[in-house]
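Presented below, as structure tokens, is a lone chain in the form predicted alone.
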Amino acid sequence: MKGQSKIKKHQKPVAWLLTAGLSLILLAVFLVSPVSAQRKMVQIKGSDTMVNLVQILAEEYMTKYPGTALAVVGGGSGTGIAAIINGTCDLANHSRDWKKSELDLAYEKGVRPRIFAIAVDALSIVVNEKNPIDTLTMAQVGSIFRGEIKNWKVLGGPDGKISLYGRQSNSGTYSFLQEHVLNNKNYSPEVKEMNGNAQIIEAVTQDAAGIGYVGVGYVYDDRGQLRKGIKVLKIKKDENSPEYSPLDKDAVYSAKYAISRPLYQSTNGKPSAAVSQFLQFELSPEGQAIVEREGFFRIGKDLMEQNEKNLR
């Protein structure tokens, strides 16, 4: 009996140690594994104009290079730039230049941005397909979104109040249009702020009096056809200038279309090996073919040369 008692006394501590050890191992797995996974995964964040394009580029890249991992989310250009400054992403998507205040904050925190142009966007002004207007000047677009022109009749359209659809202030598209078309003046308080390009397209499709602005890639459907329910307006620099469409590739490349812009990605300093490899894929003929397939435009020689310098 005494022997049996001794065996029982020894069995309990051993079982407890095994259980405790297993718990510690499991706890270590749960604590360490997500962190390790995050370190291996390239985090990309920012522009909603770019999010679909970069998601598709990432998917193609991961298919081509099994074992690589990239996570792409939107949130707006300002969100992506803030994430680079705060060290919470590896690559920021932004459809506008960095603001001076953002650069000042970055340098204050020891962040040294390197900027890469991966595509060109022709910012598109869209109206409902029932709207008879086909062309506007830059000044007219600015007046519409500042709220100075309130009725389509003023522009030769039907007698009806203009419905405005735009983006939120953290959007690079919002900032770009404000700077280049609204002459840095405020938007009308009647602009309905939408979360993304797709929501603007949907709203204008359903609103005969609607007008909005979107990246050119969003005017096409999954088959590469112009979306039903919208009309993409031609734009004139002024009353005496010819009109050009953002759908005209030659007009965009020659800068005759007035509202075009590069689409950027930024890193903090020299890109890591994983980020550099993805950037090189985006800038390769294969990557640029995907850019065009998704409705945007390839970057030109000057931007490509600047990219190559920043990769070194």
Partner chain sequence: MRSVKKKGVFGDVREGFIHRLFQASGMLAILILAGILALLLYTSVPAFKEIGFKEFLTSTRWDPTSPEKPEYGFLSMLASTVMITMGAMLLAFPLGVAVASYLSDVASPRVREIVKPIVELLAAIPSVVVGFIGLNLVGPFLARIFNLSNGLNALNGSLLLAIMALPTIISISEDSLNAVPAAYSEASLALGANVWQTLIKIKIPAAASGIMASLMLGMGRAIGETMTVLMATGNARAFPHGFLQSVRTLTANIAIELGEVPFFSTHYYALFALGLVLFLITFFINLSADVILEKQKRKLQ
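Residue numbers count along the first chain shown, from 1. Here the structure is a predicted model, which is why all the values come from computation and not from measurement.
Beyond what is shown, the protein has a form predicted in complex with the partner chain; the following relates to that form.
*Asks:* Among N86, L105 and N184, does every residue place a heavy atom within 4.5 Å of the partner chain in the predicted complex?
*Replies:* Yes: N86, L105 and N184 each sit within 4.5 Å of the partner chain in the predicted complex.
*Asks:* Determine whether any heavy atom of I149 comes within 4.5 Å of a heavy atom of the partner chain in the predicted complex, and answer yes or no.
*Replies:* Contact with the partner chain, no.
*Asks:* With the partner left out here, check for me: in the predicted complex, does some heavy atom of N195 sit within 4.5 Å of the partner chain?
*Replies:* Heavy-atom contact with the partner chain at 4.5 Å: present for N195.
*Asks:* Tell me, yes or no, whether D221 is in contact with the partner chain in the predicted complex, where a contact means a heavy atom of each within 4.5 Å.
*Replies:* No, D221 sits far enough from the partner chain in the predicted complex that none of its heavy atoms falls within 4.5 Å.
*Asks:* Using a 4.5 angstroms cut-off on non-hydrogen atoms, would V191 count as touching the partner chain in the predicted complex?
*Replies:* Yes.
*Asks:* May I ask you to choose, among T137, N131, S143, Q178, the residue with a heavy atom within 4.5 Å of the partner chain in the predicted complex?
*Replies:* Going through each option in turn, the one that passes is Q178.
*Asks:* Please pick out the stretch from 113-121, 237-245, 75-83, 221-229 that is in contact with the partner chain in the predicted complex, where contact means heavy atoms within 4.5 Å.
*Replies:* Answer to the contact question: 75-83.
*Asks:* Output the sequence-ordered list of residues from 157-177 with at least one heavy atom within 4.5 Å of the partner chain in the predicted complex.
*Replies:* Residues within 4.5 Å: S163, Y165, Q168, S169, N170, Y174.
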